[in-house]
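Given next, in structure tokens, is a single chain: the form predicted on its own.
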């Protein structure tokens, strides 16, 4: 009989499956994990502290860089907390635009998760498929904000600007002839809403492609079924939210239970799992992409038929239009004061939470009446999930570690905030 030794090894922080900056200290018995100790802090950027030294509206860009896969959802939580402090509400059109972009962001997040999760387990093709669709959604980000990722599009009182009437188009080049470019631009001839409508009409068929590759694939099921089981009791006791909680069979979703933006005006279902294993978490996220498509379709229909302002007409909170600022002295002063000093909120505290793609993302703001937060605390969705790593990993093989860690969907920007 060969003798099995106990080992203590480092997993990460530069391990490709450690998602960048996680260090796990593993205690092993042969290839079986007996204990794991997650170490974080290798990406620490002090976002909460930095926000306390800047006017409220200058920290919106920092929110994009927290969970850098779910950019606008982070902004939404922060902006809602400011709106609570100020006692204001965004116009209804802005609420629908926010709802639509939250769901675009959810799909963006789940596509990256699915591609990376498959890659961690050993499937290469899915990543290429998912990134094909992500490009279209990044074009939507770019069309409304000018940036493909860190949009800084949501503002207290609404959104930066209304949806554009035309989409950026490809141009002929040495790589693409005019005939090819005409074909590539076929769905870009109309407005932004026409482009995103074309996407949501195509997308369910593309999700079917991912499912054809994975859902009934026996290798995929061997790697994910009964791996990393989270019982409903364990999920609740660890404060899990999002797909981690719903994968264990608990239908908790802030969009239904504590509606914000326009979620109480759209129709969708909450996908839940049964066993709380990696496979159920995969199914929940895939079905969430289908539900997001439903929500986006309803938002497109509403936005087509209802015009209106997308940001409050209060120049103490939202900047005046640029043409007014160029010609009116008063507008110029408002613009200058808003972007240098910002606005003062009444003393008090506010907590706002959104159903982020990874779970409940909350922002707690304390104001002492100044133009910057006295204290800001972020409730990161993945932080509670990472804390449960030891319980989830015990008794599993090293090979299962990549599958379990990936199924949590961790992004360290928000954990190491």
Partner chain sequence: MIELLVQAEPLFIDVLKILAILIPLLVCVAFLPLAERKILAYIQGRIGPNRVGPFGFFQPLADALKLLVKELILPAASNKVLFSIAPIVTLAPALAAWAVIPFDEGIVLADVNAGLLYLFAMTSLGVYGMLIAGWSSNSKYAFFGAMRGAAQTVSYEIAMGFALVGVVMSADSLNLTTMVMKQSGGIWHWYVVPMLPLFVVYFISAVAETNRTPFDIAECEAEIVAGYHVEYSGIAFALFFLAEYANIMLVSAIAVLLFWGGWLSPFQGIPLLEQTFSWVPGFCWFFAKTAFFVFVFIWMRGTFPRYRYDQLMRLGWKVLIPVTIVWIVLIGFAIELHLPPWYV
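Just so we're clear, the structure is a prediction, and the values are computed from it rather than from any experiment. Positions refer to the first chain, counted from 1.
Heads up, the form predicted together with the partner chain isn't pictured, but that's what we're talking about next.
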**Prompt:** Can residue 270 be called a contact residue for the partner chain in the model of the complex at 4.5 Å between heavy atoms?
**Reply:** no
**Message:** I'd like to know if residue 122 sits close to the partner chain in the model of the complex, meaning any non-hydrogen atom pair within 4.5 angstroms.
**Reply:** yes
**Request:** Give a yes or no for residue 113: in the model of the complex, does one of its heavy atoms lie within 4.5 Å of a heavy atom belonging to the partner chain?
**Result:** no
**Asked** Is residue 220 one of the residues lying within 4.5 Å of the partner chain in the model of the complex, judged by heavy atom distances?
**Response** yes
**Request:** Given that the partner is absent here, state which listed stretch (57 to 65, 40 to 48, 384 to 392, 22 to 30) has heavy atoms within 4.5 Å of the partner chain in the model of the complex.
**Result:** 22 to 30
**Answer option from 149, 338, 213, 300, heavy atom within 4.5 Å of the partner chain in the model of the complex** = 213
**Asked** If you check 138, 129, 343, 315 against the partner chain in the model of the complex, which one has a heavy atom within 4.5 Å?
**Response** 129
**Prompt:** What are the residues of 394 to 408, in order along the chain, with a heavy atom within 4.5 Å of the partner chain in the model of the complex?
**Reply:** 397, 398, 399, 400, 402
